[in-house]
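Form predicted alone, single chain, as structure tokens, below.
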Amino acid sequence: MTTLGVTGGIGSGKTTVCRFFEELGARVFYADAEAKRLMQEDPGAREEIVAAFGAESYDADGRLDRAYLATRIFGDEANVTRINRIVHPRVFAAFQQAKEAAERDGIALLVHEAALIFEAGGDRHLDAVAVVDASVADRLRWVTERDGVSEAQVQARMAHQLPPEELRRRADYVLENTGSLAALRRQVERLYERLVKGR
């Protein structure tokens, strides 16, 4: 089985690329979704988050207050490091379980989708990493429309990710999301064939 990381800046098209991989037969581990689940459901993670950021991190019904956490984390490097130390090891452990399950199930390609693969050191545990890249203008437009946030809010999130040129330098493969969805899918199909069938 081959493991492939898929990463890229916010709004670059990572989820779309992963959907294409799934349609081709790959299994995808969505690290960011798993992180959100763990922050909500893992008792140890909840305890550490409350200790680090206060009881306000969860609302009266016990739901994670993402808006509150965002105000504490974005723009504060120390708090970014703090939340990452709580969440990243747990996500990695969950990925290891997903990898074992995929091997048992005979999956040929397991994709690890995450915004911060390089930043979290996840690339050390993967066979290869593909970076999805799109223009900053397109990314700003897509995310403001998708999330209903301002360009300034998107740019603040971009500031916590590696710049596109650094992502491209460190990538094993680059998927260019600069044209049609059909063109992007063709790139995914070629990469799938190369990774799974050696073509």
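What you are looking at is a predicted structure, and each value in this text was computed from that prediction instead of being measured. The term rigid core refers to the most C-alpha atoms you can superpose between the two forms while keeping them within 1.5 Å. One rule holds for the numbers: they count along the sequence shown, beginning at 1.
One more form of this protein, predicted together with adenosine-5'-triphosphate (ATP), exists but is not displayed; see below.
Per the 4.5 Å heavy atom criterion, adenosine-5'-triphosphate (ATP) in the predicted complex is contacted by stretch 140-148, the sole one of 65-73, 140-148, 38-46, 167-175.
Residue contact with adenosine-5'-triphosphate (ATP) in the predicted complex: Gly25 places no heavy atom within 4.5 Å of it. Of the residues in 2-28, those that come within 4.5 Å of adenosine-5'-triphosphate (ATP) in the predicted complex through at least one heavy atom are, in sequence order, Gly9, Ile10, Gly11, Ser12, Gly13, Lys14, Thr15, Thr16. Once the rigid core is used as the reference frame, the Cα position of Met158 differs between this form and the one not shown by 2 Å or more.
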